[in-house]
Structure formats: structure tokens, C-alpha cells
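What follows is a single chain, given as C-alpha cells, in the form predicted alone.
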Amino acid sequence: MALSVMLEQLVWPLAMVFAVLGGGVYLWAVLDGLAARSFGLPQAQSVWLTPLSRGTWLLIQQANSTEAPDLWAWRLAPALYLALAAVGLALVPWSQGWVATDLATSLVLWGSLEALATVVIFLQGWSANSHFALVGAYRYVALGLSYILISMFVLIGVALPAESLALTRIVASQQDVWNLVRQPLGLPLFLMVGLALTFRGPFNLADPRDLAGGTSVEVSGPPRLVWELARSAMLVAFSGIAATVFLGGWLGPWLPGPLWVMLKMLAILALLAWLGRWFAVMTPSRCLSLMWLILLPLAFVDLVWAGVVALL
């Protein structure tokens, strides 16, 4: 492979993935701080400095341990969650020919990443050999199937107009009308999946305060830093997929395609930060009812609607 081709098709897209992942994690922390301030929650210092100071503090803090943990699995789980986020962001097309991993089944791979995230989050809680961490892990697994089903119905809906599971084809199918307009239920439902996948806001049932921190209650120091980075990185990857399948990806006037993708991702992250602070945390029973009795039927309606529109 010629050097120029390798740079264009492999090196630059991968560099873009890691740059967006790093910058996106920092911007997410800033947006979350701004959202908290807008709801009157006190901030100890500038929202621009808080992510840096917290990251430095966790980095120099001593890593905690429990009695007889599965240490390899415990230390590996945060890194695996971060790796899943990086793979997810690698699927996002920045322009027609600029994507790190352009597969004919990109949408299926993203769905498998959501399922694997359930395994990794359970591993994080189970391997600590701690009561609260294990309860948090089981909570996530109990609810995870409903998240995955909602996501699957919504994503099949966006694949129907494109007649393809490739994200580049799905973006191209939105040349005239974005899926946000074509399928109005899709994006709101998918945003709920994003909050649930990273257990934030109303769906923070894996690491909640009533479990003293749940799956991460015993985690401190650098492993805690990696876990928090991984949760934020997964949200950044999720915003990239949401911008691609609902907001037309790189499509837009005047600006270059990659810049449009980043602006749309930023809008999704800001909306998620605000929603995460606006909704109160639910009890597991109410969350279960919401998922299975309201959101899952709505996702099925969205899929039927997408099928009817595709046939017309």
C-alpha cells in the first residue's frame, strides 16, 4: 500500500478517532458542569478546570483493593469499556470516503458493542468481590436487555430508507430529509438508550448513590480515572452514531463534512448533559416499567412507521 494511501485511508481516520475521543471526553465534562450550574448545583471551581483537576487527583490517588477480588478482570473491565467506545467511534464516517472502519454491517457491529458493554459493566461490578458493586452489576444486566431491544428497533428503522446496514449509505439516504424528520420518535428514544448505556441521569442504576457508587464503589485512583474516562468516551461514541444516523452525518452546506459531524456530536452531547440533569434518578422498578411498557412499544411503533414510510 502506497504511503499516501495508507495515510489517507488508515492513519488520518484513526488519528481523528483518538483526537475526537480525547477532546470529546473533556468537552463532555465541561458540558455536564455547565448543565449542573444551570440547575443551580454549586461548582467548586471553573467548569473548564474541574475535569483537569479531578483527572490529576485520581491519577495520583492510591488504587484501592478489596478482599480476594478477581484482580485481572477488575483492572481489565475499565480498559475494555474504553476500547468498546474507541471501536464505536471508529465506525463514524467523517465524510463520504473518510472513515476508519467502513463496513457493510457497521450498524450490526454497533449493536454488538452495546451488548458487549453489558458484559463489561457486569464484569466491573462482579470482579470487585463487593456487595454493593455486585448489586449494581446485576441491576444493569436486569435492565440491559430492554436498552438493547429499544436500540435495535430504532436502528433497524434508520436502515430501512437506506436499504443498507452501512453507516455511509445511511448518511447518503438522508441527502433530502434527515431521519430526525422522517422518523420523529427515533432520536428521542435513541437518546434514552445513550443515557442508559452509560448509566447517567435517570438511568444511573449501576453506579447510584443508594449503592454508595455501585459497580465503582471500591474503585479509586487510576482505575477509577479509566472507568470515568470510558463512560464519557462511550457517550462521545454514542453521539457520533446518533449524529450519523439521525442528523445527516457529514451532510451540510458551506462547512467541511468532518466539521459538520463534530458540531452535530457537540449538539447531541449538550442535549444529553441537559437531559441527564433535568430528569430525576428513577427507582429500578419504575425504570423497568418505563422501558418495557412505554419506551419499547414506542420503539416498535417507530419501526413500523419507518417500514410504512419506506414502502410509500
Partner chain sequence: MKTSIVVDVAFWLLAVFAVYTGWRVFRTDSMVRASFFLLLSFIAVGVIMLLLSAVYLGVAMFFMMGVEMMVMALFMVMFMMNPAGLNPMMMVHQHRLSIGAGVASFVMLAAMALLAEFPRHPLPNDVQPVAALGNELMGESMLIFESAAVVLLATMIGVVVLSSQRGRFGSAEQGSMPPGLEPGGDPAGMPDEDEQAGGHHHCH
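Everything numeric here is computed off the predicted structure, so don't read it as measured data. Positions refer to the first chain, counted from 1.
Heads up, the form predicted in complex with its partner chain isn't pictured, but that's what we're talking about next.
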Looking at L165, L185, L229, V217, which is the one with a non-hydrogen atom within 4.5 Å of its partner chain in the predicted complex? L165
Have a look at A86, L160, L189, L123 for me and say which one sits with a heavy atom within 4.5 Å of its partner chain in the predicted complex. L123
Its partner chain isn't shown here, but in the predicted complex, which of 200 to 208, 235 to 243, 111 to 119, 219 to 227 has heavy atoms within 4.5 Å of it? 111 to 119
N129, L149 and S289 all contacting its partner chain in the predicted complex, non-hydrogen atom within 4.5 Å: yes
Within 4.5 Å, heavy atoms only: does A212 come near its partner chain in the predicted complex? no
Is W12 part of the interface with its partner chain in the predicted complex - any heavy atom within 4.5 Å? no
Against its partner chain in the predicted complex, would T105 count as a contact residue? Criterion: heavy atoms within 4.5 Å. yes
Can any non-hydrogen atom of L134 be found within 4.5 angstroms of its partner chain in the predicted complex? yes
